[in-house]
Ligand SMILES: Nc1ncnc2c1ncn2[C@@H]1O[C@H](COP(=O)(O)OP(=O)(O)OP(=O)(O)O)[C@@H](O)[C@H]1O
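Only one chain is given next, in structure tokens, and it is the form predicted alone.
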Amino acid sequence: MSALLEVRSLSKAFGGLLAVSDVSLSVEQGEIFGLIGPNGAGKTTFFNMLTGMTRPTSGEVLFAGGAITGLRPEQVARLGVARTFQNIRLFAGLSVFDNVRIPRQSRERSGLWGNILGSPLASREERETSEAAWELLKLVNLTDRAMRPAGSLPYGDRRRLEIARALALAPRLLLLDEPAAGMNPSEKAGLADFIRQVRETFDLTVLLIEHNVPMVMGLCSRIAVLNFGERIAMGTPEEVQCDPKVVEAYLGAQKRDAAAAGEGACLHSTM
């Protein structure tokens, strides 16, 4: 495997607050990579810098070998990076179908005048866009609700629709920001299987933030851990979950020592 995403010494300061401090990591082509850490660790700020929503104070982001540091979100998306958000962002008043079709239209080459004049290219692209949107809705089991307003969907369905909308951009790298937030244990297990399916179906690389540690441990091949903006650990799930710095970040030093005394100083045995 080769690195699709490389992050080099990335930092972000908001006034006197250093939200992300000198973080480096690489995500290999085709892997599912997890980013975890306690609340306020800087995970979403880190995602925002990768996708152009926040400009880094220092450091560099490379995607597929090219620098994307400082590019606007739409430029990053056109290069093949798509994301979801911790707080779901859908066009609530538009139909489920249009929520997927509109992002897919950004890949069309015919342009406004081609659509107005009804050129053959525009007609073909419109048909292909609609077909692709239906296939994505089929993937997330929402074809029977395609014409309903997106805002009327139950929470779990809105989560899946947001992933479908990100996939409509045909990305190479999919960033998921807390995709299991608000889901029950059964829904979380189903989501993990779905993420694996998406990775295989679309030949994607996946980078996700998630608070559900057991889900991340079972889903990701490698994991990085942030705490107070710094990367405190990175490695396989087995390596990360028993790292003393990680256990302390989640449980505190006192509970870490108590767990260690009982030979249970790993996240999987204490959460």
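Residue numbers here begin at 1 and follow the sequence given. Since we're looking at a predicted model, the values are computed, not measured.
One more form of this protein should be noted, the form predicted together with the named molecule, which is absent from this view; the next part is about it.
Please determine whether each residue of 143, 147 and 165 possesses a non-hydrogen atom within 4.5 angstroms of the named molecule in the predicted bound form. No, because 143, 147 and 165 lack any heavy atom that approaches the named molecule to within 4.5 Å in the predicted bound form.
Heavy atom to heavy atom, is residue 40 within 4.5 Å of the named molecule in the predicted bound form? Residue 40 belongs to the contact set for the named molecule.
Under a 4.5 Å heavy atom criterion, is residue 95 part of the interface with the named molecule in the predicted bound form? Although the named molecule is absent here, residue 95 would stay clear of it in the predicted bound form, with no heavy atoms inside 4.5 Å.
Using a 4.5 Å heavy atom cut-off, state whether residue 86 contacts the named molecule in the predicted bound form. Contact with the named molecule, yes.
Indicate whether residue 222 is a 4.5 Å heavy atom neighbour of the named molecule in the predicted bound form. Result no; residue 222 lies far from the named molecule in the predicted bound form.
If the cut-off is 4.5 angstroms on heavy atoms, which of these, 69, 212, 29, 45, is the one near the named molecule in the predicted bound form? Spelling it out, the residue with a heavy atom inside the cut-off is 45.
Quick one: of 157, 178, 187, 125, which gets a non-hydrogen atom within 4.5 angstroms of the named molecule in the predicted bound form? Selected residue: 178.
Which one, 198-206, 214-222, 241-249, 31-39, holds residues whose non-hydrogen atoms are within 4.5 Å of the named molecule in the predicted bound form? Only one stretch passes the 4.5 Å heavy-atom test: 31-39.
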